[in-house]
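Just the one chain here, laid out as structure tokens, in the form predicted on its own.
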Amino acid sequence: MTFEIPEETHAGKVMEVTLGATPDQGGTRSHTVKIGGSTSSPFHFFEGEHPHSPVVAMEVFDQVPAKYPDFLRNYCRDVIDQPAAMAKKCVAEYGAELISVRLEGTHPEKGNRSVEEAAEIVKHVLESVSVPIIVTGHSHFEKNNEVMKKVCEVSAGENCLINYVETDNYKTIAAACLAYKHTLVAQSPIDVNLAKQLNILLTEMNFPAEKIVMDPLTGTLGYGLEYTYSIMERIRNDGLAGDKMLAFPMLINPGYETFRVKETRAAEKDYPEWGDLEARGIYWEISTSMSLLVAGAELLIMYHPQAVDAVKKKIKEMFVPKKGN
């Protein structure tokens, strides 16, 4: 007796998005990174095509987060306050496929660094590495708009991934991305309808669909992971079913989310039953990343080098297209 795996066919296709630009495309990157393009559920090679493997980015900072764990600092302690040098180390030593530059220090209540400082940091990171760049902002709309406009200008033609816009704050940054040829992250608060609404608003202002990446605003293990998973699953299923306003590749932030929760920062002496602190953090980030990969994530921004290595190896193991695909 033989058993055949039932197969589903899908009318839709996830939009293919290109990140970065090479010299012949107007940028300076050594190569581009493509995400999306799938015609079936994640890793279901028996049902459809998955032309591009999920990719892993690592993050550098204009200002190191106050609660950044000591065991994480140890991996880049000599360069952690030098974003360009840290970016180079993350690529050369830890295998980062993209670099996210988090500009949290420009927030008025978290350092209030200037627009010019932010722009210089992004320029230096672009000069230090040849992989595509993500530029991650914050929730203070007025300041973030100023920062991102300048960042888009000084990196014109590089096709950076500008991270992020929301429903209440998208026009200024989207216009800058259009003017200077960048791609954009559309972030929504774990809600399918709000995610779709933002994508509609962006396309209605003639923002190219092939330059949109979705961020469903994910949680981490123990902090809403199941709900996050279900929302991402619905987004992906609806996109594959033919809803073009939900058929975009998805970005997640397992590093940022993981290393701000109690379980990855609480001292071993206070919770000895939780085990080794660093191992706890590594496993927390891996668990979060792998769960959301199978929910549809194509781009992960991660922190711990050992977690990065483990997740990249698992992606390589799982991403085995069938012959002829």
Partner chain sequence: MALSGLDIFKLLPKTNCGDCGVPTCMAFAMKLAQKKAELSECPHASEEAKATLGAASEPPIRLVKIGGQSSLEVGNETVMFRHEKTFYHPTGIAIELRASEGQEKLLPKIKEIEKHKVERVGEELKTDLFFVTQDSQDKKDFLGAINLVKQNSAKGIILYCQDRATLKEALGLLKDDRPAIFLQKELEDADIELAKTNQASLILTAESFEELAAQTEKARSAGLNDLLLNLESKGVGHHLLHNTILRRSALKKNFKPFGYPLFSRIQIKDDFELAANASIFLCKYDSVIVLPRYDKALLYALFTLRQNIYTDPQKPIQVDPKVYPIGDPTPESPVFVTTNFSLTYFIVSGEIENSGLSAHLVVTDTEGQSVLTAWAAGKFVGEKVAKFIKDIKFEQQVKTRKIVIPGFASQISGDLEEHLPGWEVIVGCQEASDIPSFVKKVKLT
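Residue numbers count along the first chain shown, from 1. What you see is a predicted model; the values in this text were computed from it and never measured.
As for the form predicted in complex with the partner chain, it is not shown, yet the points below apply to it.
Engineer: Within 4.5 Å of the partner chain in the predicted bound form, counting heavy atoms only, one of 143-151, 173-181, 127-135, 223-231 shows up; tell me which.
Structural biologist: That would be stretch 223-231.
Engineer: My question is simply whether Gly275 lines the interface with the partner chain in the predicted bound form - judged by any non-hydrogen atom within 4.5 Å.
Structural biologist: Residue-level check for Gly275: yes, a contact with the partner chain.
Engineer: My question is simply whether Lys67 lines the interface with the partner chain in the predicted bound form - judged by any non-hydrogen atom within 4.5 Å.
Structural biologist: Result yes; Lys67 sits at the interface with the partner chain in the predicted bound form.
Engineer: Would Phe61 count as a contact of the partner chain in the predicted bound form, using a 4.5 angstroms cut-off between non-hydrogen atoms?
Structural biologist: No, Phe61 stays farther than 4.5 Å from the partner chain in the predicted bound form.
Engineer: Please determine whether Ser287 contacts the partner chain in the predicted bound form, using a 4.5 Å cut-off between heavy atoms.
Structural biologist: Answer yes; at least one heavy atom of Ser287 falls within 4.5 Å of the partner chain in the predicted bound form.
Engineer: Just to be sure I understand the contacts: of Asn237, Ser114, Gln82, Thr203, which is the one whose heavy atoms reach within 4.5 angstroms of the partner chain in the predicted bound form?
Structural biologist: The option sitting close enough to the partner is Asn237.
Engineer: Heavy atom within 4.5 Å of the partner chain in the predicted bound form: which residues of 279-295 qualify?
Structural biologist: Counting only heavy atoms within 4.5 Å of the partner chain in the predicted bound form, the contacting residues of 279-295 are Ala279, Arg280, Ile282, Tyr283, Trp284, Ile286, Ser287, Met290, Ser291, Val294.
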